[in-house]
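Let's start with one chain on its own, the form predicted alone, as structure tokens.
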């Protein structure tokens, strides 16, 4: 779950990380009024949940009332990567001496929290890693041990052990780590973290993404959440009790496990196709749950076929098959359904599907080939 920049920065400020003076505006008139309080020397920053805002023209600088009005009108009539701008953060401009990058994220592969720091702030961290690898450090932190003093040594080294700068920066690193842990973040980022001409350090931008599994204990973030900005298919799925991921292909994958979904996605890609979405049934799915899942994926207008990949354990294949069979009257004839089943009561499940006129098999590659043929209008084996 993502929140807007101004909300992330408010959390930073609540935890004593300094931010620029500013307020959010919901209209051009509000932007002008806030700018007047700041002598019109302001940054107007579109509030969106997508990345690359600066490169897309979502940040403008003004120095008088006329410029504020013109730029605010421009931004409020702008779409950034398909997202409509409905809010502007109006902030006092800052005298910047140097821009740094500071972020924390979850490393699923290493099962660690990872602290990322760079002296090349203000640009995508991926670009920094590619163009200036000597200007970036990554520090893996055991989530049980937590942030320790020795973790900060690489940062001190890249800053040439500048004691004055380290005395200002290290407390910010510790405070941001507290935010990352306390708010159940998957990502928290300050880019740029600016060293100003007067020597102060401020967070000029902020990004915070919370783990959805922590919703029950993060009421403050839930109050900040703008539900309208969520992908509507993913939102519908969540309301129905499913984890749904929207992608850019044309095959809906329904599986009972993330691993099965990823292996199906990989197989599709080997055959030149990509998924429109992925829906996880999780364990112990019933026929009724399967019917709800089919209705969810059909909300996606990109879907041209539905592919089930089921491995029966506590989930029984015949229960899945019954749900698929009962869903057929909800599925347009133009959208084929192909099923792969293994595990508990596999043969019964395949028989139910065949009686319903559906193709079913036990081999994933065969099923993927069949769904590709069906989309292309060929005969399914």
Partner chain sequence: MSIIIDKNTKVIVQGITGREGSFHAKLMKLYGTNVVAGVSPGKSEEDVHGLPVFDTVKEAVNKTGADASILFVPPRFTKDAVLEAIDAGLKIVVAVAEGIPFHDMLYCRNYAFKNNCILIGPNTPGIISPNKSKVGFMADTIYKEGSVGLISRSATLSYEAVNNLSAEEIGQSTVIGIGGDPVQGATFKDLLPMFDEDPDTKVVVMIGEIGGSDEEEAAAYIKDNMKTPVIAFIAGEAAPEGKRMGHAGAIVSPGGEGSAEYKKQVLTEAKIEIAEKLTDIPTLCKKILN
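In this text, the rigid core denotes the largest set of C-alpha atoms whose superposition between the two forms falls within 1.5 Å. Keep in mind it's a predicted model, so treat the numbers as computed, not measured. Residue numbers count along the first chain shown, from 1.
Not on display, but discussed next: the form predicted in complex with its partner chain.
This chain is displayed alone, yet in the predicted complex one of 257, 154, 122, 249 has a heavy atom within 4.5 Å of its partner chain; that residue is 257. The partner is absent here, but in the predicted complex a heavy atom of 214, alone among 214, 222, 170, 85, sits within 4.5 Å of its partner chain. The stretch among 137-145, 69-77, 193-201, 295-303 whose residues place heavy atoms within 4.5 Å of its partner chain in the predicted complex is 137-145. Here the marked residues 53, 240 and 288 all miss its partner chain in the predicted complex; none has a heavy atom within 4.5 angstroms. Using a 4.5 angstroms threshold between heavy atoms, residue 112 counts as touching its partner chain in the predicted complex. Using a 4.5 angstroms threshold between heavy atoms, residue 131 stays clear of its partner chain in the predicted complex.
Although the partner is absent here, residue 266 is a contact residue: one of its heavy atoms lies within 4.5 angstroms of its partner chain in the predicted complex. Shown alone here, residue 45 lies farther than 4.5 Å from its partner chain in the predicted complex, counting heavy atoms only. Looking at 81-110, the residues that come within 4.5 Å of its partner chain in the predicted complex, counting any heavy atom, are 106, 108, 109. Once both forms are fitted on their core, a CA shift of 2 Å or more is seen for residue 262 between the shown form and the other one. Superposed on the core, the two forms barely differ at residue 154: its CA moves less than 2 Å between the shown form and the other one.
A movement of the C-alpha atom of residue 238 reaching 2 angstroms or beyond is seen between the shown form and the other one when the two forms are aligned on their rigid core.
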